[in-house]
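For reference, the chain that follows is the form predicted on its own, supplied as structure tokens.
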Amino acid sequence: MANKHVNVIIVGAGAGGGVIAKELAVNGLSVILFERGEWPVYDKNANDELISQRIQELGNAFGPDWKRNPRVLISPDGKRTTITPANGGYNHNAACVGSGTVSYGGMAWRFMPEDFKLKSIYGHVEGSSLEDWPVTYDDLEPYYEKAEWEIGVSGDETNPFAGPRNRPYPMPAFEYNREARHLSETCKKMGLHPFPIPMLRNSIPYNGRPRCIRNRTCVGFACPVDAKNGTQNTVIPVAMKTGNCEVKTGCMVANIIIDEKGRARGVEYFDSKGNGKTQTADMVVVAGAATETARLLLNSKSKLHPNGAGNNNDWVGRNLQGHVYTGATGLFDFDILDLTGPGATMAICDFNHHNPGLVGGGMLCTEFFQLPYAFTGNRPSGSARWGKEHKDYQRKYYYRSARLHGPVQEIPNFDSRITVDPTVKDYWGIPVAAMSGGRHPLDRDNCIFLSSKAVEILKEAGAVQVWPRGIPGKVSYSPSGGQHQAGTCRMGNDPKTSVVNPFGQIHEIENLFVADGSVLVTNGGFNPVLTIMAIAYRTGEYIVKNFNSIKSS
């Protein structure tokens, strides 16, 4: 039996797709929300570190299934290597209802006003595709506010570098743990400006769910008491309650159907039993994250779009960005950790912009607690990796180590990209994503600068030994992305240099939209999820207002 025609198909039930589904459903539009994974269930995986979304040595609790979802990594010399989610370089996002919002740490950053106009502030950067956004912080402010109140954010207004806001956070900030209290006092003595990290977690009971119990296992895991706020436990249930939204799990969308007039007519997909099916709609929204969204568009070829949907100017898949992380670790001669979870509670934004000789920058913050296996990889160069000395280090320093880390605002470039591989296919026979290119050299300079600041702070705090994260100044030339992946369907006003307009609408196909990190022009010096949610609210509002005219055009 054929599926019933609906108003809108949404592909991907993560940060963007979940928000869009709610916005459309509560306004009376019928929606099918496709998700290749399943609903997350905490008890199925509990707190097993080796299958968390951060480690994955034995798999990952929330997908994607490593046997069914290969990708291809293209090295600078052109060599193609087939990899799985269990390999480094895969740049996976969780594949389940809620996607990364199920297992993330929940940092809820608004980008700074400067983040939307990097080219105007810093000028042209050789070898980059750096550009201003077609929207400003002020344009997005109402949608940031909506995301904070509907999804649920805890925080305060003590960050002096934040953009103006019209309404306070709905929940108070989390109290500092011992590590944050100590480093906060140090930062103040150094003339810096520490403040509590805004979090998509309940500091008090909110939206019918309890307050966070502050356990040490948070990032990489689902929440045992459902106090972490993702789309799976906020907006998607609201959408379903209207009766206008059906969530189809275990379904892999293969391509978007584009007719001879250049309009999206629906999708072809494989259901949970592997049966090929068709779903038609008046409109399609793609929200599969920067890698899979680009892959789906590139696999959706038609007479008017022989190189993929919306790709007649060769911009789909370009400008892939993520976040290279930098910072430092310090060892203390006293217990600085009290394991009051989830660990990350304090940040500084003093170095996010206006650093002499640099483009952009990044925030620095205390980190989520490492569990014992991950902690084995965080120690000074030359430390023993096995035997009694290794075990002694684990026992002596687990409570005596502090980390001050943060994401660097990456400089986009045209050659960091997603394509589809001509030969490798996934479990369903769909050509897989191929990743190539690498980060801009300026990312290295930002890493050196920010790690040096982290080292200074930790030394001032009394650390007896400090070392920077990774090798100072070494940023590998490999595709970026990871869980902060962005940029592959750039937003802009000019169809020749962007994929979607400022409302996420593909320039070349009026009834096809993108609503995830793909549309971000630049990725900020922060975790991008709140910005993705804010943009999705804005796109959803635009679709609701213009649905009839777009449908009938």
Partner chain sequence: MQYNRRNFLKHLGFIYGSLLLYSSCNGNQKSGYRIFTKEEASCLIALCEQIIPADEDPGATDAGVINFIDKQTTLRFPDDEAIFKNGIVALQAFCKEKHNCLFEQLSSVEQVSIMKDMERNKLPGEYWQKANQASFFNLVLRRTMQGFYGSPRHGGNKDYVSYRMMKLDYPLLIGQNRYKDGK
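Positions refer to the first chain, counted from 1. None of these values were measured; they are calculated from a predicted model.
Unshown form predicted in complex with the partner chain; subsequent notes refer to it.
S.K.: Which residue, H390, R80, K241, H193, has a heavy atom that falls within 4.5 Å of the partner chain in the model of the complex?
M.R.: Here the answer is residue option H390.
S.K.: Quick one: from R216, R263, R444, R209, grab the residue that has a heavy atom within 4.5 Å of the partner chain in the model of the complex.
M.R.: In short, R216.
S.K.: Thinking of G37, P237 and C251 as the candidate spot, does the partner chain come within 4.5 Å of a heavy atom on all of them in the model of the complex?
M.R.: No: no residue has a heavy atom within 4.5 Å of the partner.
S.K.: Under a 4.5 Å heavy atom criterion, is S272 part of the interface with the partner chain in the model of the complex?
M.R.: No - in the model of the complex, heavy atoms of S272 and the partner chain never come within 4.5 Å of each other.
S.K.: Even though the partner isn't displayed, in the model of the complex is T376 close enough to the partner chain, meaning a heavy atom within 4.5 Å?
M.R.: Yes.
S.K.: Answer for I51 alone: is it within 4.5 Å of the partner chain in the model of the complex, judged on heavy atom distances?
M.R.: So I51 counts as contacting the partner chain.
S.K.: Is R68 close enough to touch the partner chain in the model of the complex, meaning at least one heavy atom pair within 4.5 Å?
M.R.: So R68 does not count as contacting the partner chain.
S.K.: If contact means any heavy atom within 4.5 Å, which of 37 to 45, 500 to 508, 518 to 526, 481 to 489 contacts the partner chain in the model of the complex?
M.R.: Contact criterion met by 37 to 45 only.
S.K.: For a quick check, can you give me the residues of 381 to 415 that have a heavy atom within 4.5 Å of the partner chain in the model of the complex?
M.R.: Residues within 4.5 Å: R385, W386, G387, K388, H390, K391, D392, Q394, R395, Y398, Y399.
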